[in-house]
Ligand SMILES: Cc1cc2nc3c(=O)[nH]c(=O)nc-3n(C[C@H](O)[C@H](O)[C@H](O)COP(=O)(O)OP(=O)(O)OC[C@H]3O[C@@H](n4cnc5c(N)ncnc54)[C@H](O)[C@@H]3O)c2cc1C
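In the block that follows, a single chain appears as structure tokens, in the form predicted on its own.
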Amino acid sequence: MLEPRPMALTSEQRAEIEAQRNEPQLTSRPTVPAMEKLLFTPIEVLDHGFLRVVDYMGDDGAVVQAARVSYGRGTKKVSEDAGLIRYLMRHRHSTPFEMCEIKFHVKLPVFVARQWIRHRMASVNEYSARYSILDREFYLPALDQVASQSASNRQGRSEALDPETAERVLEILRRDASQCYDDYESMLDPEGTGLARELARMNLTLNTYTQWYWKIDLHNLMHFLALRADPHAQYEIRVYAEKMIELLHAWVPATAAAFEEYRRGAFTFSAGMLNVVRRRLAGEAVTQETSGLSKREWIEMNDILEPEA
């Protein structure tokens, strides 16, 4: 069960959130009780980051209603609705899931934001460092996340460094981020340089925190989550995705269950891989050389079929 944990917010932010939570709105549109409890509340991610739902539209019933193009909420049983959602997910229908939308307020390090923004099927409005001054907040990884470069994956990490080396790395990151922010403040000082904010921001490190509002439909949210909650995704974006999956289960439980079954917990085989499986089932001893697959495809297939081998 997802438990919201308030961050160390300013008194103004706390007051704004409490005002939103204490002023319920009358509405005729469908709402989800589990989401209503979570609405507006920041959920802690990383050391200074958070994630919170600002608004949402639709529920599992909206997916079903769109698929059936019905006039009302329908009279089908819950089990029949869940079966339809599973069918839609299994056969990769997308438009019924696009009928639901959700809007997040996210606080995240800049380098995570630059990965995140590659998912273009969303509406984004980011905190402007041209207009406002960024806070003195930097992401510093936990000791066990300070790891060496992977030898097999050019964009990934390998084993954690020994504690002494990791502490030295963290000290460098902390020192450089602090020094760059000191210089940022100095350049902004009207009594000193008085540099424009849009220029002074160039000096900040990529672990500086930014914030944005991010609105996306359910179909594209699940595509984002399938990629970013994957074990191969970078840890710092994966932890956001994992929290969002918990929110997905609270918002659209039937859709979330189908997503876990047919997207997150499933694998796609190529025609060549499927042919190898059929040949094996027929009793043939297939090797990589006789499979017609490349070495990489052969390894990927066997990692799925024989994970413990």
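Quick caveat: nothing in here was measured; it's all calculated off a predicted structure. From 1 onward, residues are counted along the sequence shown.
Omitted here: the form predicted together with this ligand. The next part is about that form.
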Quick one: of Asn125, Ser158, Gln155, Thr193, which gets a non-hydrogen atom within 4.5 angstroms of this ligand in the predicted complex?
Gln155
With this ligand left out of view, choose which of Met121, Ala142, Leu206, Leu199 has a non-hydrogen atom within 4.5 angstroms of it in the predicted complex.
Met121
Within 4.5 Å of this ligand in the predicted complex, heavy atom basis, the matching stretch of 185 to 193, 158 to 166, 105 to 113, 227 to 235 is 227 to 235
Is there any non-hydrogen atom of His223 lying within 4.5 Å of this ligand in the predicted complex?
yes
